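Just one chain follows, in the form predicted on its own, and it is written as structure tokens.
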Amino acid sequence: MDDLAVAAAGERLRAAKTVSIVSHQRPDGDAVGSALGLALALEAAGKTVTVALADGVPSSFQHLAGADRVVRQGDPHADCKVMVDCGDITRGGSAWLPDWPIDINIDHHKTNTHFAAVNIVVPDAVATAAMLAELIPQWGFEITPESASALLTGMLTDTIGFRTSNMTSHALRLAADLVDKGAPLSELYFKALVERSFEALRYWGQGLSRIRREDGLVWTSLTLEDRKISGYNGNDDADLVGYLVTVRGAAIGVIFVEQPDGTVKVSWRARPGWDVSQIAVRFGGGGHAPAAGATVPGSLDEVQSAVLTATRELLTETL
């Protein structure tokens, strides 16, 4: 990490009385865990903190402390404004307007645009939550059991239970420290990675019924009608994309999720050796080599055709 940036961020946080923390729309476990983990540590130090997520907290993370106090829009008048796990300021969606300045940007996406006054971006980190597990004590704040639980959730989800190819012994030691601080590993693992709602499984069924495969590419789609039929109330893929790339012989998995505003949420997952973030960037998104996403204007058919063409090109060029 950049020592000067880390020191500058610590000074701003220690001096602040009020802090507003924002993460990206359609938040995953790292977004929720990082935001709540930092917020709970700052609150334990007596600071007034708000956490804003444009789409709220997904049901699989509502058991985390502080989840019930998450709001839909951040406070631009807070003493210190922090964005976590966001590669671009616009990824905050309606929770943060692009012309509101951000003081501190903490992230691990290789496509991060360094949009804040202070930027701490470590693409090699397994999760933003892992970065915060290291940074919070350095800044002089205590990681409480509740904060540790949120941070460990972020690490668990972004590494799919410590199984991604970028896992390191250092990251495992950070996770062990969080367990020592009171995070219940088995309970958090089950809540974040195993437990599913009945509606989510029905939603999966709709997507799995139209799964396709071509050489090393596996893909499917989820429509607004699928959401209605299944009773699923999220606007994401209920984590189905992570299972597409588990198909034997698959190199890249892609899922297309139709949105009510005339856009399509596209998510890519890849086996080691493939970099799907470069495709996501072409479509206005970003992410990591093995996991990336973008929200693309257009109909489901139009977006699917364009994205599959670009993904096939990557497969052809890399083979």
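Given the structure is predicted, the values throughout are model-derived calculations rather than measurements. In this text, residue numbers run from 1 along the sequence as written.
Below, we refer to the form predicted in complex with ligand 5GP, which is not included among the displayed structures.
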item: Heavy atom within 4.5 Å of ligand 5GP in the predicted bound form - residue from D88, D177, E146, D226; value: D88
item: Distance check, K81 to ligand 5GP in the predicted bound form, heavy atom within 4.5 Å; value: no
item: Non-hydrogen atom contact T295 with ligand 5GP in the predicted bound form at 4.5 angstroms; value: yes
item: 4.5 Å heavy atom contact, A65 and ligand 5GP in the predicted bound form; value: no
item: Ligand 5GP contact at S60 in the predicted bound form, heavy atom, 4.5 Å; value: no
item: Joint contact, R269, G285 and A291 to ligand 5GP in the predicted bound form, by non-hydrogen atom at 4.5 Å; value: yes
item: Proximity to ligand 5GP in the predicted bound form (heavy atom, within 4.5 Å), stretch among 88-96, 137-145, 68-76, 201-209; value: 88-96
item: Neighbours of ligand 5GP in the predicted bound form among 102-118 [non-hydrogen atom within 4.5 angstroms]; value: H109
